[in-house]
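One chain comes next, on its own, written out as structure tokens in the form predicted on its own.
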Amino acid sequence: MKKNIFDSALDTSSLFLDKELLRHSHVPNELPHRDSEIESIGFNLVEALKGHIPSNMILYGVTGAGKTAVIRFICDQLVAKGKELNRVVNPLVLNCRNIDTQYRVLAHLGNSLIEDFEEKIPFTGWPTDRVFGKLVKRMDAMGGVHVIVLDEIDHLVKKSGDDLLYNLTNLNADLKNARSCVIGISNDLTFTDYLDPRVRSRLGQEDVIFNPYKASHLEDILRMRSEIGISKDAIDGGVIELCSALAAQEHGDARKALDLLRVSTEKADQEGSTLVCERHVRMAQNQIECDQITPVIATLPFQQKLVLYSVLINEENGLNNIATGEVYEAYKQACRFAGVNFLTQRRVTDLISNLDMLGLISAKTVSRGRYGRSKEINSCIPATIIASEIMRNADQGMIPVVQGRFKLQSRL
């Protein structure tokens, strides 16, 4: 019988006890260094256990600051205590990056309350007021207090406006046998600027700010997870400290810290090593950076690829803190090589801002006195990633651009 390719992999011992415990989707029984945030949110949501309406809240903080983990942890505790007290509390958590229109959010909330015999709200096709009415009816039928959690709420508002939030924050006026509150989670401290003042005052009744984790905080998180997820004595000294320090450089991102430790252990497993060492962390860092940045570069619109390449070709020519005008001159040459019409400098400036938002470049606006304001542009792509090759392989139109001979000026 022919040997299966997975036989050897299945027979190989692993350094992991349970890999899932090292993923950021796992909600542990303890959340170190988030006691004050848990206390603030819990003090508000305890009203649900009394049958009262909790205040609406917004949770702010950078990516990886533990906002989603904390709210899921609290919701689990809320449901458990509700069952103990025979109180109906019903947390409804959804991610607005995946469910990003008013209709889809209302349909998702309504279908999460469905009984076996009830009609499911279709993916599309109903008038919005009918979907809203069905949601209200099902909330009333269940009774109790419904806690609606909208993760990445800023994405929903920027894409679809604030009509949904107006309706959700006004739900209690339509509910007869139930109560509800809304908790928004956002990485953007300024997203409420997009809201109607009436919605802003209703939604932002209480704000909780999640400060970034420090390196020492991340060490505690990684040690706690590694003790239950990785074999004892399998981690070399300095590994957890290095993972924490690297993640702390990027706004104290606990997700990155966990990814680094998990991928480092995977690298040690692949080598057949019995010890995870700092070399594996460096290998993991390179892999994670490539995994995150490569698809972003490959899927850029063609004009943005041309602008990015214009920044990179200037850097190859020895320039840094590149001015917008220098990028634009290289961009016009790139357009000629590609055989496309070039955009105005104003439009290219907008594309530079888009690349800055994606984290591929940094475009810092500086004052030049009487000469006005200008941008200083630099690439943020790690040296281990060859962006020109990624763009050329992803888009045939970039081949003549990468092969072109640019005429660039050097500064004195």
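Start at 1 and count along the sequence shown; that's the residue number. Everything quoted here is computed from the prediction, not taken from an experiment.
The following text describes the form predicted together with a small molecule, which does not appear among the structures shown.
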The unique member of Ser40, Thr63, Asn354, Gln345 whose heavy atoms fall within 4.5 Å of the small molecule in the predicted bound form: Thr63
Go through Val147, Val105, Ala254, Met139 and name the one with a heavy atom inside 4.5 Å of the small molecule in the predicted bound form. Ala254
Considering non-hydrogen atoms and a 4.5 Å limit, does the small molecule approach Gln333 in the predicted bound form? no
Just checking whether Arg392 would be counted as a contact of the small molecule in the predicted bound form - the rule being heavy atoms within 4.5 angstroms. no
Is the gap between Arg23 and the small molecule in the predicted bound form 4.5 Å or less for some heavy atom pair? yes
State yes or no: in the predicted bound form, is some non-hydrogen atom of Arg34 no more than 4.5 angstroms from a non-hydrogen atom of the small molecule? yes
To test your reading of this chain, name the stretch in 239-247, 318-326, 293-301, 218-226 whose heavy atoms come within 4.5 Å of the small molecule in the predicted bound form. 218-226
